[in-house]
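First, one chain by itself in structure tokens, the form predicted alone.
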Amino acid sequence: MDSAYTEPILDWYAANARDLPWRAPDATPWGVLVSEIMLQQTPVARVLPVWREWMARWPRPADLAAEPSGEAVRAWGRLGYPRRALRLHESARAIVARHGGRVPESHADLLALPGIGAYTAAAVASFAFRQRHAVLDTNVRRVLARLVSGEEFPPRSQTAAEVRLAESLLPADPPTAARWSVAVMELGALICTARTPRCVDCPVLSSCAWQAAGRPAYDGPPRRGQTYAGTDRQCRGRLLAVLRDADGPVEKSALDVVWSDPVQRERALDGLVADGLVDPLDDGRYALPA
């Protein structure tokens, strides 16, 4: 591990880390797992109130596992990508069935949970259990691309070379490695941002390869931002909002009024049914899954 990076970034994190509940000393592994699922492609500001409500209602995996999956979808609110709520519900049931209701410490056991991929397994093992794993989210990949590789942005898809680089930079001590992982992530979120990096405030500015090269502009494949307005995703969100806000099943007409394009609306509704997010009832009404 290059000490030119380690100490400055860890010291910066100690002074500047955001006070987030899933980082608190009393945060549970379940709370960490829930936060990691919610934070995927969703800003912290949107996650915070939903995470607090979720943890107040379901402080343990067994609490969520005992509820219908539709309640998880309802409580997910407008975080987006609601299939994550179903996967989290499935994980809660698997944790109860396989691990006695306790989030497993083993990286392999975490990875075997429904809907848990390589990033989430590494993040929970690191942040909940202080283990030594390379945790590569978008922020970490961007920091390492600039700091070490001298490139404004990382490749569009994660590469084996990025994993090897992240692993090579991990401190040998597992708790320190876990703190390093969250510190680099925080640096990317607050300082080494995608659009307007605050290089003057960076604790490793003097060691940054991108800065030393004159901050060359990204010259890879076009980076297209995600659109939302008018998409099937927006339509799905409108339909789910009707079901979340209802006390029970709703008539088809209640769904029809929230989106004017009938072809797109039916396609979105069919997708929600196929994804297990909506149940079509025998009487023609629709409901969240039971």
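Because the structure is predicted, anything quoted here is derived from the model rather than measured. Quick note: we count residues from 1 along the sequence shown, nothing fancier.
Omitted here: the form predicted together with the DNA. The next part is about that form.
- Per the 4.5 Å heavy atom criterion, the DNA in the predicted bound form is contacted by stretch 233 to 241, the sole one of 250 to 258, 233 to 241, 66 to 74, 53 to 61.
- Site annotation in the predicted bound form: the residue of 221, 49, 43, 262 reaching within 4.5 Å of the DNA with a heavy atom is 43.
- Proximity to the DNA in the predicted bound form, defined as a heavy atom within 4.5 Å, singles out one entry of 108, 194, 160, 200, which is 194.
- For the three residues 27, 98 and 128, a heavy atom within 4.5 Å of the DNA turns up in the predicted bound form in no case.
- Although the partner is absent here, residue 78 sits close enough that one of its heavy atoms falls within 4.5 Å of the DNA in the predicted bound form.
- At a distance threshold of 4.5 angstroms between non-hydrogen atoms, residue 132 is out of contact with the DNA in the predicted bound form.
- Not displayed here, the DNA is approached by residue 83 to within 4.5 Å at the level of heavy atoms in the predicted bound form.
- Put simply, residue 20 is close to the DNA in the predicted bound form: some heavy atom of it is within 4.5 Å.
- Contact residues in stretch 86 to 101 (any heavy atom within 4.5 Å of the DNA, taken in the predicted bound form) are limited to 87.
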